[in-house]
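Single chain ahead, written as structure tokens, the form predicted alone.
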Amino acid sequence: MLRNFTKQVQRTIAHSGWRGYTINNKIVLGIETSCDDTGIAIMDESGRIISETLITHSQLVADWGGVHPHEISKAHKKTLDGAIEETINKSNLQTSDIDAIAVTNGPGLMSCLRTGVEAAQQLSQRTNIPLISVHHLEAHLLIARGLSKESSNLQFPFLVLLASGGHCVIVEANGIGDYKFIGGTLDDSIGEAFDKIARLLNLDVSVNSGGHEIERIVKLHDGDPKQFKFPIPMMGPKRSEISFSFSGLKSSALWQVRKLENSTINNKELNLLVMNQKNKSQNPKLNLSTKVVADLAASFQSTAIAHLVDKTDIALKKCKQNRNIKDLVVCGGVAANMLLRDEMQTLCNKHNFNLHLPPIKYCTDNGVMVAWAGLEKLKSGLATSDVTLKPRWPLFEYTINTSQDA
């Protein structure tokens, strides 16, 4: 039972940069292990990050050629207790100062979710601190209410574009646990598409995501987004649909790369070559110049983001017609992309919408967003302690049972 949700605790916190001051609000510890990052954070309801620890297991992902659930969950187990202890120590708090432990219980990889939830349960039992369950995608979209430059002005309802390695969806956020599905991907997420094209281009994704590396090489080598013409998906009869699709765009990029490498073969032979390589996890070493790779990366990035902008444009137009919504949140790991941020600002200016973006650091998975989601649920009286693992848990199917014991 979450017995102490209504208490107000007055404390003096000594934290780097704070110089110690008295606050009178709630404090939550957040735990995030839904995929390959171990994220722990302590945050108060004013939006101040008291302390945080983030461990990325990128080298392990690179060694396995992707996220291997069993190996990643083992990595979480090895680092999680130490990360929690480190975060609490850095905060200069006692566990008795913490009002609740928020933990991601879905969606995500089952073994990874289990590791985080079990650690949260054990900590809760040792300290008698109540648990709060957190939906991973809700944490992504709510962090804009805590950390964006205009967070104090972001009130429900608002529109959300959530673009990440595992998700690409537009929803209408009407309140905590109250989300209406507007549109989603028909195949891949944009983050997954970026990862695959980065590997195709032989970019190093051992430390950063494919999207980050594509953006990096474009900037470093002045990639030309107009050098290669990739078709923007769903611009034909399905243009008015609010849906995303990246499989065809990925195929176009693969075809173009192989065409550049095999200029002497005809299109029939080229198509056979592409079909044989389409589903292979390993990509052969490219025989292309760095500038050509940068141009390919720029062209793919520009087209993928144009697709996001086009569908979000349609969603904003419908919102203006049917609802009095004037705010757009863009979140998820891909929201760290500067081209996307700039294009979305232009789009919002066009429609007179307010754009809300989390700081780049907190677009990818982290403990801060989980702690903030816990605080949001705590303040709204909608916190629940049911941390049943839900690896498949669409946001638009997520509802809060307000009658549940809290």
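It should be emphasised that the depicted structure is a prediction, and the values quoted were computed from it without experimental measurement. From 1 onward, residues are counted along the sequence shown.
The same protein also has a form predicted in complex with a small molecule, omitted here; what follows describes it.
Stretch 189-197 is the answer when you ask which of 317-325, 121-129, 189-197, 227-235 has residues with heavy atoms within 4.5 Å of the small molecule in the model of the complex.
With the partner removed from view, the residue among K250, R145, H136, H307 that has a non-hydrogen atom within 4.5 Å of the small molecule in the model of the complex turns out to be H136.
Contact with the small molecule in the model of the complex, defined as a heavy atom within 4.5 Å, holds for exactly one of S302, T312, S209, S91, namely S209. Heavy atoms of no residue among G177, K377 and T384 are located within 4.5 Å of the small molecule in the model of the complex. In the model of the complex, the small molecule sits within 4.5 Å of a heavy atom belonging to T364.
The closest non-hydrogen atom of E343 lies beyond 4.5 Å of the small molecule in the model of the complex.
Although the partner is absent here, A297 lies well away from the small molecule in the model of the complex, with no heavy atom inside 4.5 Å. When contacts are judged by a 4.5 Å heavy atom cut-off, G333 counts as touching the small molecule in the model of the complex.
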